[in-house]
Each structure stands twice: as C-alpha cells, then as structure tokens.
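Encoded as structure tokens, the following chain is the form predicted alone, with no partner shown.
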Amino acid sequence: MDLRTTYMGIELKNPIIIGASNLVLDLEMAKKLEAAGAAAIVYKSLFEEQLHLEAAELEDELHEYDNLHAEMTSLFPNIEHSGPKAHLLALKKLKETVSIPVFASLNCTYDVSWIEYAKYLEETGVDGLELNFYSTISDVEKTPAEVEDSRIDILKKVKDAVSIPVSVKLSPFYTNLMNVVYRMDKVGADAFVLFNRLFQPDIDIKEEKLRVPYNLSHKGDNRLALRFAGLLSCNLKGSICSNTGIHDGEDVITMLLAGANTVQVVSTVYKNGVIQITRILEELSAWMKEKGYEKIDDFKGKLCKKNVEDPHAYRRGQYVDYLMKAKEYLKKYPVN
C-alpha cells in the first residue's frame, strides 16, 4: 500500500509522527523509532519558562555561600546559564542522526522570544517548527479576544521571521476554536495539531499538597480531536495532525477518514514499545487492502463534515440520538 501523505507541504512516507516528548532525547531510541517506521519526529519543546527557572536556580547555587567570610565575595568564577544552546545542539544532533524529517517545538513567555528562538531553531536545519501554544490563562481580566489576537500575532511574526513551515499546536479551550483556526489558516499556518495534552494538577489528600501526576493518554481520548478534524478538514489550506489518544491502527484510520493528514503518537510507544509503530502501519495497510484502497488520498476525508450526508454528524446529533433512544441504551447497558 502507498502510505505517503503530505504534512506542512512536506511529503512523509506515512502518517505516523512521533510527538514532542522525552522519547527522542536518546539518539539510539530515535534511530529505533525511525527503523520501526516513524515518518517524522517532533523534538521535545523548548520552553522559555524552563530556561528562566534553570538560570535562576543556577544563580542561587553559585551564590549560596557568598560573603561566608569577610574576605570572600564568591566561591566561583562568573558563570552564566547556557540558555537554549544545549537544546539547540541536541536538536541539531538528532537532525544529523535520522533521515526522516525533524520538527522543532517552541513555547515562549514573551513575544520577542518567540521570534528570537524561532530563528535559533531554524538554524539547526530542522524541517519545520511547531508553535506549542501551551498556556494556562490565570488573568481574570484578560478577554478571549485578547488571548486569541495575541496568538495570531505571534504566528504572523514567526511566519515572517523564518522560511521553514510553521504549525500550531492548540488546546481545545478557545471560546470559538473553529474561528481561531480559520483566522490562523488565513495568516499562513501550515498545519494544526489537535490537541495539546495539558497536564492537570492533582491533590494528595494524605499530604494535603498539590502534585502533578504523569498521565499517559488512553484509547478513546481521541474523540475531541476526531470531531474537530472532521469539522475543519476539507475547509483549510493547512494540514491537520491529530494528537492525543492515538494508540493503534484503528485510531489512525478513524482520523484519516475524518480528514487528518497525520497523527502524533507518544503514549502508545511508552506503553507498548517501539514495535507499536510497526504494528500500527501493518494494521493500516491491512485495512486499506481489505477495503481496496491503494493510497491514503483514496479515503482521507471521506467522512469529514463536508462529505457526509448527515448534517448533524459532527454536531449534537449523537447526543440527541442518545436522549431519544435512552430506553434502548438502558436495555443494552442495564444499571443494577
């Protein structure tokens, strides 16, 4: 089967992209993922906030014993945090190690940093840049319009600053996500990653303190991405990449039918090992052969909103149907 697809204007050998994570910090692991069939890799996000935190911690450690004695001013010579240099060097090594496309990922705190770091990342030779719009808005006075306009302004500035393709990784928590995506599409976003998996806090009731659990996704977590892939595909210039809850070949097929060009996987590799990439591709090929499809384009978007007869398929239709057939569902799933 011909599994080739196009993402951000770049031809990939298949739709499977390794999402941003610690998986590819080990170059040997990156080579194994490529050998298993991964079509591209998104390197771990460069977080400006993390760099600032590390710099502050280094400063505290260097000056912890300053002025311990009257004659002493400092135990160490003047040392500064390396900033993004270590990240950029590791990213460049990854790009030189594998033959498949490598995409950088970026999350910044300040507008000027988005531009500065985007240029640094482009210089490593990566094939594209993913703007990781991961943020938690805690300012009660900030309006939805301000949040959306700032994101679109950042996208415009980054697009003007670099020559490589630029995608945006979004959360689903915009007032009108459809409008945000359409506006970003108009200003030149080359792809949309749906959705950012936000790590939520938890509370340890024994210790009575906050904790951040390491939550991997589960099969079925892809439903929201599926809905919006179906709503948005066939209407955008940019590509669609479905993220979160993509665990097996069935998940990939459903996303492609909804109109996604590619998917990103992480949790399923942690849970099942590198071989899971090969299994997914085998399941996809077997399904295509069974259905008589020779290439991805033969069925991609076949079930997007624009192509299905039921106008309510991606809206509230399922919910209304559930309410109308409540008695049937109760018979099927009795409550004891």
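Small disclaimer: the values here were computed from a predicted structure and weren't measured. So that there is no doubt, residue numbering starts at 1 and follows the sequence shown.
One more form of this protein, predicted together with a small molecule, exists but is not displayed; see below.
S.K.: Does the small molecule get within 4.5 angstroms of any non-hydrogen atom of Ile16 in the predicted bound form?
M.R.: No, Ile16 sits far enough from the small molecule in the predicted bound form that none of its heavy atoms falls within 4.5 Å.
S.K.: Answer for Val24 alone: is it within 4.5 Å of the small molecule in the predicted bound form, judged on heavy atom distances?
M.R.: Val24 lies outside the contact set for the small molecule.
S.K.: Does the small molecule get within 4.5 angstroms of any non-hydrogen atom of Asn132 in the predicted bound form?
M.R.: Residue-level check for Asn132: yes, a contact with the small molecule.
S.K.: Classify Lys300 as contacting or not contacting the small molecule in the predicted bound form by the rule of any non-hydrogen atom within 4.5 angstroms, answering yes or no.
M.R.: No, Lys300 is distant from the partner.
S.K.: Is the small molecule close enough to Tyr174, Arg227 and Ser233 in the predicted bound form that each of the three has a heavy atom within 4.5 Å of it?
M.R.: Spot residues vs the small molecule: no contact at all.
S.K.: Pick from Leu216, Ala161, Val187, Ala86: which residue has any heavy atom within 4.5 angstroms of the small molecule in the predicted bound form?
M.R.: Of Leu216, Ala161, Val187, Ala86, the residue with a heavy atom within 4.5 Å of the small molecule in the predicted bound form is Leu216.
S.K.: Picking from 112-120, 201-209, 149-157, 241-249, which part of the chain touches the small molecule in the predicted bound form when contact means heavy atoms within 4.5 Å?
M.R.: That would be 241-249.
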